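As structure tokens, one chain now follows by itself in the form predicted on its own.
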């Protein structure tokens, strides 16, 4: 399905899940999907394989399940850092066999223990290859409201985003962020650059202090003072911590919807309870 057709008169609400870390245990994600599917998100994306191994087909298998069992549009993450052209061709075959026609094309995280492949160095190169090799596949891509950690500058990052669109990306999902003003400033820059594809805001509800600190250090996001006070005040009170962080995410989403965001992409951490709570609080605003 062409992604732009989803963004037609309402705020899109989508959810991300990830495969089990141990290959061959795909059944363990069923309970998560059972709960998440109940809110009927516009689509569910599934991150790429266990450890970026091209031999692991769990992403495609899960996307087939999302489509066939739950009747929800799936988007398969596809990375190029650990994939050769031959690997990508094989994955395209698997996607076609599963009836999956939407992918999120990414560079992917580098693994110090695995030598990266050299056929694709950037997501834009993967997007161009997919557009040429499999024109029936609809391509989404990532964006970074606070600038990609490897970018030379915020300007070069926006220009690279424009290049992704010109190569064939028709929809963007943002990296997590915790200050909506960062997203609004980024959105304004994309408009100035002439980027027309819809941009979903990526929201990750905080479930643990150490985990979110590790995550932001990897992706270049920042923690505003308001959230930092919550993390510090309630870190030793699990119930209060969970309630406060959930309320923070809901408040973020309400503000984004009120400011006409194209969509909300919820990083669910395979937690259907969190997805259900957040959706229940904002569903009447979408």
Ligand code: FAD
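Values in this document were obtained by computation on a predicted structure and should not be read as measured data. Numbering follows the first chain given and starts at 1.
Although not depicted, the form predicted in complex with ligand FAD is the subject of the following passage.
Exercise. Is there any non-hydrogen atom of residue 73 lying within 4.5 Å of ligand FAD in the model of the complex?
Worked result: No, residue 73 sits far enough from ligand FAD in the model of the complex that none of its heavy atoms falls within 4.5 Å.
Problem set entry | Exercise: residue 171 in contact with ligand FAD in the model of the complex, heavy atom 4.5 Å | The answer is no: residue 171 has no heavy atom within 4.5 Å of ligand FAD.
Exercise. Taking heavy atoms only, is residue 157 within 4.5 angstroms of ligand FAD in the model of the complex?
Worked result: Contact check for residue 157: yes, within 4.5 Å of ligand FAD in the model of the complex.
Problem set entry | Partner proximity in the model of the complex: residue 48 to ligand FAD, non-hydrogen atom cutoff 4.5 Å | Because a heavy atom of residue 48 falls inside 4.5 Å of ligand FAD in the model of the complex, the answer is yes.
Exercise. Ligand FAD isn't shown here, but in the model of the complex, which of 187-195, 84-92, 117-125, 205-213 has heavy atoms within 4.5 Å of it?
Worked result: Single hit among the candidates: 117-125.
Exercise. Each of 79, 105 and 163 near ligand FAD in the model of the complex, meaning some heavy atom within 4.5 Å?
Worked result: All three within 4.5 Å in the model of the complex.
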